[in-house]
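Next up is one chain by itself, shown in structure tokens, the form predicted alone.
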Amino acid sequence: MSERWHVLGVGAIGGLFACRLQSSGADVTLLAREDGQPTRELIVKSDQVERFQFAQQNLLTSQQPLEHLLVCTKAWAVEAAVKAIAPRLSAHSAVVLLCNGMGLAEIVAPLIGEAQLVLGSTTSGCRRSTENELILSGEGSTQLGTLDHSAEPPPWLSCWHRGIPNLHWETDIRSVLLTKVSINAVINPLTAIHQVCNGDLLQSPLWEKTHALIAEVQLLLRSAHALDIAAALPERVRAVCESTAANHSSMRVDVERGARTEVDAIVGWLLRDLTPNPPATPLLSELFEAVRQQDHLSSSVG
């Protein structure tokens, strides 16, 4: 009998992982907020075209118990989405949180009772060209782990290994997530406000701002005693900008679409929650407020 997974948040990454899990032999169901078709097709395009058919449920009306739940919503939508689905979880359920930003585990853990909570990070490159079409630009790697530093991976991880390339179980997933949010705090707001591609941050006239922003994020990391992450940050930012030079950051895409960004879970969390006595970070704070203003304008128009 195949493992049963439900996927909540079927954007680019949620859709891609739904397809990967189905390819591994899992029984995958998509969850949607609105009533629609009972089935949905997703198309993954890379060197070849793959088509996947899924059952689809309304997350607010379906009562089917959830064995395994993958959450890939926007950071700001996580709490409401998990609250809606929580009654369908049990002590035998597993919830994998594969979302941008920090502070989400602390929000979700009290909502899911005794269900297992697993946190994840992925560098898979994927964008959605239409509602059901996903363009894969890079397999990337995926890291999963628990906040209790468990060295023993769960039994269901074998299913993920069959379908998810470059998958790793981490005993210190918090450091993985902190590294990612630190990189995103440099790249995302700069590219969103200046409407540039990632690689442009390494060129004039934005390189000076990129360099200054890296230094401010390093100050925050050092104040939280994350010294290794701080030391590696300049090279990690450069590597991401070079490997994704032509890409648009998710925050830039959200600003262009007039959609709400994840700036609060990325930059806001660093400024507010990383350390009780944060050092002055004028440029990071300025960018944070600029993106929040864009969010405010978007919500006003909406």
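Numbers follow the displayed sequence, beginning with 1. None of these values were measured; they are calculated from a predicted model.
What comes next is about the form predicted together with a small molecule, which does not appear here.
The candidate stretches are 268 to 276, 64 to 72, 238 to 246, 48 to 56, and the one lying within 4.5 Å of the small molecule in the predicted bound form by heavy atoms is 238 to 246. The small molecule is not shown here, and in the predicted bound form it never comes within 4.5 Å of any heavy atom of L221. Although the partner is absent here, S93 is not a contact residue: none of its heavy atoms lies within 4.5 angstroms of the small molecule in the predicted bound form. Contact between I229 and the small molecule in the predicted bound form is not found at the 4.5 Å heavy atom cutoff. Contact annotation: T210 falls outside 4.5 Å of the small molecule in the predicted bound form, judged by heavy atom distances. Out of the listed residues T146, S121, N198, S182, N198 is the one that sits within 4.5 Å of the small molecule in the predicted bound form by at least one heavy atom. For the candidate set L134, M102, I187, I112, a heavy atom within 4.5 Å of the small molecule in the predicted bound form is found for exactly one residue, namely I187.
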